[in-house]
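Shown next as structure tokens: one chain only, the form predicted on its own.
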């Protein structure tokens, strides 16, 4: 296929900074699964350079290298040249989409789901969540942006957050006609579709005069924290991730732990909460404030392993490999469970957890249990049928 991307001065500068030193091999999760240089960050950079120069043509092998990048930013944490690999991959994907050569068919189905149903999963809102929403005020200056995964697959995580917010006396509501924030579309290179999805939610925020957004999903957090101000600068909306909110109410003793946690836990940093949003301390502070015994994994914080969630479709086997490598580290630590602060990470880890691990938990449910707001951790685990 004839495809020769034309990059801006800034992207060309980033691309030319890669001098193929191979430092990224120690961090790239895809390379560590494939053990082939063409699946590594520097291999991808070389392919994009060769495409740009017309030295190679686009084929399925090249496409798969471009779309299996998890955009996890692991390589950027170790790169001596500070190459913005994720910016280069996103721009390449954008031009592929513009040329109708990408994304892959499975990705286009997800885009179609958002267009038709408002969510990437093409699901209906679960009745128990709808019932909880019906009991919320019609308007409030504070909203919880529910996100696709928590809203349609793990609704009890949201319901627990609702209960916590009521417990601390915070008035809030949700966007009853909420649709996907669009971040995943942007990752696929579907820039126009992303801006349309974000604009629809911006209009809802404007209509309800929202002043503050709290979200469970790190991708939603980054969208409203960084992309919304560019699209709608007149909207002065404060954005908090649920971990920032929970740490605040626990540290100020507005919410207090009432039940000891008889488990040894480790925390898994989500890529979009850690490397993208630089939120590392708040989740760990939460676990300390509720008295949890925690152990740090060998690779954590900015060097945390990616669970592979962003490439789960259509590369579920590769996602499994990435999650399994994380659990190989966890099993050496002799912990009872894993805590994360991202619904997508929760899903990927829950789906692949070995029997030796007693549980995979979202941090909201751990807080809900420790503060007596929910009775059993088990009531929040498991896939919604």
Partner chain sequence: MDQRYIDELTGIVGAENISTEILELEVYSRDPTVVKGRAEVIIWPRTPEDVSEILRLANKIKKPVYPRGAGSSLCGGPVPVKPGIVLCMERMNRILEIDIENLQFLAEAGVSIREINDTLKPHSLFIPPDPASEVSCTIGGCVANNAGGIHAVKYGTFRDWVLGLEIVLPTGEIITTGTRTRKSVSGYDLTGLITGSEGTLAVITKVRAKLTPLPESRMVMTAFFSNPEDAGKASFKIMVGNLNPSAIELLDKTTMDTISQYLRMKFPPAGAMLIIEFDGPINEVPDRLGKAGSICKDEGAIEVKVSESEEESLKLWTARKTAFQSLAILGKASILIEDITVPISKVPEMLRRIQEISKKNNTLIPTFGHVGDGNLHPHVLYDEENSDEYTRAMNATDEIFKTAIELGGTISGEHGVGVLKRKFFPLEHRAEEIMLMKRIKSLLDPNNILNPDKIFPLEAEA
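Residue numbers count along the first chain shown, from 1. Since the model is a prediction, treat every value here as computed from it, not as a measurement.
As for the form predicted together with its partner chain, it is not shown, yet the points below apply to it.
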*Using heavy atoms and a 4.5 Å cut-off, decide whether 278, 280 and 284 all contact its partner chain in the model of the complex.*
no
*Partner-facing stretch of 76-84, 207-215, 99-107, 252-260, counted where any non-hydrogen atom is within 4.5 angstroms of its partner chain in the model of the complex*: 76-84
_Check residue 353 for me: does it contact its partner chain in the model of the complex (non-hydrogen atoms, 4.5 angstroms)?_
no
*Answer for residue 324 alone: is it within 4.5 Å of its partner chain in the model of the complex, judged on heavy atom distances?*
no
*Can you check whether residue 319 is within 4.5 Å of its partner chain in the model of the complex, heavy atom basis?*
no
*For residue 43, is any heavy atom within 4.5 Å of its partner chain in the model of the complex, or not?*
yes
*Of 1-34, which residues get within 4.5 Å of its partner chain in the model of the complex if you count heavy atoms?*
17, 19, 20, 21, 22, 23, 25, 26, 31, 34
